[in-house]
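Only one chain is shown below, in structure tokens, and it's the form predicted alone.
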Amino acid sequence: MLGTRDPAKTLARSAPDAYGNPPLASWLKSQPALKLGAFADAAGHGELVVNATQGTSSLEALEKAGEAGLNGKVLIDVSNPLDFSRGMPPTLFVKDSDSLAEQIQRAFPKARVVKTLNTLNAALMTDPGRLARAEHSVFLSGNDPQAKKTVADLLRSFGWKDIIDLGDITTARGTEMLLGVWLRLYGALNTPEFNFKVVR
């Protein structure tokens, strides 16, 4: 189930999104197993919750999802604390001594937050094989070892092989700060179809 602030308003959109994708209502017609609901509906529905909201709105969206729907669940956080208020490239609204993932964990202490997949383009998240020339890396940060195992198993089911557990949730500061490099690589390469590879 996908969550949104206002399902009716979302379904009423008829124009492509900012990336040229078809309206969500059109896409949902090709995905009969998928439902659209409010944030609280989506959080209550799933065994696992994915926060794929814009970083500036993540805490608000999760508050709307409600603690009851998040407590005890693995919460995969793929968001980034990007601040577009001064244009491009964006800056980070939290860094160095804190991270958005830590803010989420503090706000929802009973959720089992795992930061991952925030250092690459959305198209690669569930299809790492799109970059066929090299095995590339994905990172995990979180306080709960079992939650990280659950997420690692999910990542492996997508085809990820090089999964690097960085440690507790404070290590998300590092992966969130990689976005500065990622954005500049995007500009230099003129494509989002790339990722980091850690060579040992």
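Between two forms, the rigid core is the largest collection of C-alphas that superpose within 1.5 Å. Since this is a predicted model, take the numbers as computed values, not measurements. All residue numbers refer to positions in the sequence shown, first residue = 1.
Keep in mind that the form predicted in complex with another copy of the chain is not shown, yet the notes after this line are about it.
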Thinking of Thr91, Arg184 and Lys197 as the candidate spot, does another copy of the chain come within 4.5 Å of a heavy atom on all of them in the model of the complex?
yes
Please name which of the stretches 133-141, 153-161, 31-39, 49-57 has residues with heavy atoms lying within 4.5 Å of another copy of the chain in the model of the complex.
133-141
Decide whether Met177 counts as a contact residue for another copy of the chain in the model of the complex under a heavy atom distance cut-off of 4.5 Å.
yes
Any chance Ser85 has a heavy atom within 4.5 Å of another copy of the chain in the model of the complex?
no
Given that the partner is absent here, does Leu166 sit within 4.5 Å of another copy of the chain in the model of the complex, heavy atoms only?
yes
Contact test in the model of the complex: Thr170 vs another copy of the chain, heavy atoms, 4.5 Å:
yes
Going through 1-35 from first to last, which residues have a non-hydrogen atom within 4.5 Å of another copy of the chain in the model of the complex?
none
Hey, does Ala33 budge by 2 Å or more at the Cα between the shown form and the other one once the core is superposed?
no
With a shift of at least 3 angstroms, figure out whether the C-alpha spacing between Ala134 and Leu117 grows or shrinks in the model of the complex: closer or farther?
closer
